[in-house]
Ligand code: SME
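Just one chain follows, in the form predicted alone, and it is written as structure tokens.
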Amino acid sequence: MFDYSPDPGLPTPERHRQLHDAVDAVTDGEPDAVANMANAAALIAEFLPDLNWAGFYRVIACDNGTELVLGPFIGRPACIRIAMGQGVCGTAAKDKQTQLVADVHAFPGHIACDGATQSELVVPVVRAGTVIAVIDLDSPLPARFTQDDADGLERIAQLLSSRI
């Protein structure tokens, strides 16, 4: 059994270091991508305060190329399919760049799966130069996410790129 209880007073960089170590521990040696995404989403939700959604969208082949399809997550029901280039998740996947959005209502084409969301952080998971998924974090607080959060999630995305 895994028991990870982060100290709520941890500075953000240390919180992200411990989150990375926890994700590494629960995914190391596990070949099942869904299990690894599910555990990673659970740990992210446990370690990072003020989230209303944490999870994955996977890049899946479709008739028109590829699209993002909902993967394991913690939170309210979410949009199932997102076109590449649409919304914050689709933009992160298409551009292969982290999207740190302080105000989702100011983001052109934002897709509102949960009306409570005010800010969002989306990090692409890249393997061999190709985006295979995105990690999506939503918060009901405006400007919840910082560059430290983006850096920490980018390290987790790098770790998971060979495990999902």
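This is a predicted model, so every value here is computed, not measured. Throughout, we count residues from 1 along the sequence that is shown.
The discussion below concerns the form predicted in complex with methionine sulfoxide (SME), not included here.
Heavy atoms of His110 reach within 4.5 Å of methionine sulfoxide (SME) in the predicted bound form, making it an interface residue. Though the partner is left out of this view, Cys79 does reach within 4.5 Å of methionine sulfoxide (SME) in the predicted bound form, counting heavy atoms only.
Put simply, Ala93 is far from methionine sulfoxide (SME) in the predicted bound form: not one heavy atom of it is within 4.5 Å. Contact annotation for Gly71: none of its heavy atoms lies within 4.5 Å of methionine sulfoxide (SME) in the predicted bound form. Partner proximity in the predicted bound form, defined as non-hydrogen atoms within 4.5 angstroms of methionine sulfoxide (SME), places exactly one of 23-31, 131-139, 43-51, 59-67 at the interface: 131-139.
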